[in-house]
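Heads up, the chain shows up twice below as structure tokens, two forms, tagged structure 1 and structure 2.
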Structure 1
């Protein structure tokens, strides 16, 4: 039986006799010596992660202007920050986009620029009051000029994350990176055996008040993170730290192509090895940590789970999905995660970082509920032109025949089917005019073969997104056998919005 207290460990930190190892080394030690002996040999295990943490931001206080202003709207380098906190306070989020540069620059970049001690343009507007008469201000500030710059992140350091892949025939741009079509890659996140929360999955030592490594400075856990779901091994923490002490090495803005901006953070948490139970848990290795592979090709909340996979397999560079070898790569930097754990280890060994006993434990029973949606969601079947009404045309038809069918039925889009009734293409009134201009004769010369389609149970909001994304105005509705079940057009959707205002 080994029992140690946080106080005893701190005494060892003070006298320099503390024994600290990083979490990846601890896996080897526990394997070799067993948990009891490992608990005797090791006092602190340092963990680390370095990943995109969108739910991050900074509270700042600018000090009062003369004449004073009660800022109603605030921008930093043209990225809007949230006000409504008080007169000269604002909160800037990592994912907020610049108003003039769009996805090239966002809140994460503002935060990085502040840490890099660069000058940032502050602009604010106000309505003016008797005590705060000023209505606008423009000035240039650096982090030095701020009274406080406190990073407060509502959801960081996810215990593990689901793997993303894409079954669809189109490239997807997501917060999990670029996902190539037809399972041509898979991306994952999290440091595996170095992951802070996976080394203390029951939150025995990590709780409110735990001192941590946050972006190269000391920070603190201030509570459970939003969406904290420890029962499914999806715990998260809320953290805070002083931005003025942070280093750009461990705080980096990033852009996910065609998705948006974010902030990569380095977080390290020391786990005091108080007993052999904790030693055993910190001995976790990549092969023990499982996660699910999700198909992001399905744009719904419940994405299909394709399989379970361990971090060991993910780190090997490829995994098997339905018999296909799929290349994997991480979104989070294992290289930097290791650096975080190493640096935290050095701090503790030098006596520069003391271990804490949490003030209170984090909840272990919260679950992530879906959003309550009080209004029903209209589906394709609610507005589509039905199977009986929709007019199709055979692929062997001539352009002239297609033109006649369109005129008779007042349609601008004709689904083209093969002899066995399967959708093979679509032709529009526009294609017909092109055919006349270029003197084509056969339908197959002008038809679009790569048809964007929908199914009758798809929510209309997803249809609207497809229409916008591909700049088209109708989608054939098909079933699993590619049989045409109807067609949904932008006209029909406009009528629904106009008539019922429910979209």
Structure 2
């Protein structure tokens, strides 16, 4: 049995005899030597991850102006920061958007500009008091002008991420990147075997007080992150570090198209190999790490799981989904994650980074709860015209036949189906009118083929958003096989909303 202490390992760091390997190498060592011998051979395993960490930001102290001001609102390069802290303190979030540039620039860009030692425009307003009489100020600052610039991130270094794909017939823009329609791609995050929290899944060495590599500087774990759910291997950590010591090499702002801004961070955590049990856990490989593939084409929190997949499969470049080969692409950088782990290894070997014993372990039994909603949202099934009431027509029908169906049933929207009953298009009364004027004969000449659809369990608030976004007044309700199960119209929604208001 092998037993070591953090103190013993730190002594080896100081005298230069410490043995450090990166997590990807440790899996090879454990496989070759076994956990017990690997624990004898290795003292520290360095991990790394580099990806978008939206839940990040910086506390800043600007110092007092003359005459002084108690900032009520403050903007940095036109990105608003939170000022409900103290007179000249503020916190800027990575995802906060610019008021004049929108999604092209945000809090993450301000943070990167500060680390790059660029000048940042500060503008603040106040209501004025006897001790803080000033009501506005405009100035330019750099990071050196700040008394303190402390990065404090509520949720970083997710243990693993779920894979995102899209079964719908339209492109989706999400925090998992751009998802092409009909399973044409799948995106994922995380460094796999290099991932910090996968190398210490029981939080034996990662806890409050653990010293870490944070964006090229030394930082610390200060608690469990928000949404920390280790039971489902979705652990997170809360971290802090000195922004003035960080480097843009490991801190980069980014834009997710039509979603917003974020901040890519490099985080590395050393795992002291105190015994063979820890050695075994740090020997994890990409093939051992599984995650779920979710269908983001279903716009709900409880998206269906299509299958489980390993990081080894994800990194291969494609995965199989329902018999279809789907291209995979990472949103995080394995290259940069390896660079983080390598640099942390060098720091330790040179005696520039000591291992810390956490003062308290992170919890291992927390479960993520959904938001409590005191009022249930109405769903499509509560308002849709049922399958029995919906009249459909085959794609081979004539325009004259479609017109007769609409007149007899007093419909303004007519779903078009194929011979096997699947939705292939839709026509409206307006389409029929145009067709008559232009003397078209067949439905296939006028029908809309890229139909915006919904399903019976989708909340109506999302349906209303679709109606507004695409300037339409009805959505066919379909099942997983694209069979028409009903239709929901703006008129039906208006009646439901009006009725609830009267109640």
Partner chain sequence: MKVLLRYSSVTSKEPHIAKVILETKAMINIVRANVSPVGGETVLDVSDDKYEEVVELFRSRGVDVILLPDPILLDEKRCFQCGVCISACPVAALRLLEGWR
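Residue numbers count along the first chain shown, from 1. Small disclaimer: the values here were computed from a predicted structure and weren't measured. Think of the rigid core as the biggest set of C-alphas that the two forms share within 1.5 Å after superposition.
- Of the two copies shown, the first one, structure 1, is the form predicted in complex with the partner chain.
- Of the two rigid parts, the smaller turns 23 degrees against the larger between structure 1 and structure 2, judged by C-alpha superposition.
- Structural comparison between structure 1 and structure 2 after rigid-core fitting shows the C-alpha of residue 420 displaced 10.2 Å.
- With the core fitted, the CA of residue 447 sits 4.5 Å away from its counterpart between structure 1 and structure 2.
- Core superposition gives residue 472 a CA displacement of 2.7 Å between structure 1 and structure 2.
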